[in-house]
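A single chain comes next, written as structure tokens; it is the form predicted alone.
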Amino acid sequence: MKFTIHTYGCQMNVRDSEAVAALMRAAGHEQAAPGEDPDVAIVNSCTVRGRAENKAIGKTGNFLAEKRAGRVKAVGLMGCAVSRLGADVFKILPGLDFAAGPRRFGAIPMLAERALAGGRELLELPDPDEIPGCMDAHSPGGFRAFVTVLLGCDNRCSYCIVPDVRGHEYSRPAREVAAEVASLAANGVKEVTLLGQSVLRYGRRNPAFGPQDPPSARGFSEPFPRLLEMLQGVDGLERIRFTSGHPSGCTPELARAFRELPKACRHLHLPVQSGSDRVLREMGRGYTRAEYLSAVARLRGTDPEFAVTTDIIVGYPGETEADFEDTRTLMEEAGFDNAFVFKYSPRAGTRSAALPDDVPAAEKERRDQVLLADQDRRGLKRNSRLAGTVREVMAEGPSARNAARWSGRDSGNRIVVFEPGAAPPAPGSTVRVKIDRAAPQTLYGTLAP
């Protein structure tokens, strides 16, 4: 059987798709080459926004058209849209062969084989709290890897459907995570990114460490810093990243972990969504403006160059001009290294969907553009301070815009473009780059001795 997987959505979906591909290969199947007709086409769906879900449904419909034309034998849908739509997915997509929610991706090889054997209308909807038994399946090769450490989410933000489709939080045992990372490092992985919808809640809902686990050598008592300490000792691993964060997890102990653990990269994606205390309360974010800024100060206290990136929503129901200005001033005070700005759109099934979507589309667009322009100015200012410094950069390969140059990332996850020299470095190797100039989201330099 030859298969293809088309993925929409977040890094957790990317990771789930990678696991499915590894499981399919382990079952004796082969990934179709680009442009080659597969026997089985699988779409991994996102439902966090209606547009994302529509794209996944549309792509699945395209594969179903290819099935009717005889170019594809079976089509499946996986991921969050399956959890949201339930059995209706087969009404929306007539001819769909199988579907699996985000915690049932381990069943996909079996479902695909059944579909090719003539099975139809087979729906495997998960218990939203089911724990996949194949979390450590990875595709070979590459120097970076995603590792899921926390499934689900219990935060219940007013605009977000993720808790409904991904279930309650579950923290994988620390020993299991460490074994997975050690296996990856033994196979050439230099950098791992630990994934969770709110990753700093690791170990809060269920224990991640047991009595059989040794105590922290550095005296960490919180589960996530203990996990970072455990991974610090993995031979061959050079960098540890994690996403996404929440201010409640930016504790003094986490800050100490950043200071004491050299492999912990000096960057955190810390969504704020709004700078207005009133809007934050409406959103159910669980912190105030002042608490968020204190979290940023705590992180930057470990290293003035510590990079903080964020997410912002503009045009949330009832957001006034004063609320928007509060967001602008918070972003300035926080001094974000980068920001991803989203225009609010109601999502069926969330609390905020019952509120009037009263900020006009044109005003949402204006606020979006204002914040993006602010961030370009801010990003250029922060990056310009790094001119003349030497960065430790993990080389990735030729730059997407200019194949004569190479690119990589520093510890702060900043993109660094550099001249590779006569003998380009191997992907995954660490090089020293002297920064010559800066742009709002990119640093440019030359190899340093």
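Just so it is clear, the structure is predicted and the values come from calculations on it, not from any experiment. Quick note: we count residues from 1 along the sequence shown, nothing fancier.
If you look for the form predicted together with a small molecule, you will not find it shown, but the lines that follow are about it.
- Only one segment in the set 249-257, 288-296, 306-314, 222-230 has residues whose heavy atoms sit within 4.5 Å of the small molecule in the predicted complex; it is 306-314.
- Looking at Lys55, you'd find every heavy atom of it more than 4.5 angstroms from the small molecule in the predicted complex.
- Among residues of the shown chain, Phe98 is not one whose heavy atoms approach the small molecule to within 4.5 Å in the predicted complex.
- Looking at Val48, you'd find a heavy atom of it within 4.5 angstroms of the small molecule in the predicted complex.
- The small molecule is not shown here, and in the predicted complex it never comes within 4.5 Å of any heavy atom of Phe105.
- Put simply, of Lys343, Lys263, Arg204, Arg266 only one has a heavy atom within 4.5 Å of the small molecule in the predicted complex, and it is Lys343.
- For the options Pro173, Gly318, Pro271, Pro109, the one in contact with the small molecule in the predicted complex, meaning a heavy atom within 4.5 Å, is Pro271.
- With respect to the small molecule in the predicted complex, the three residues Tyr159, Ser244 and Arg347 uniformly fall within 4.5 angstroms at the level of their nearest heavy atom.
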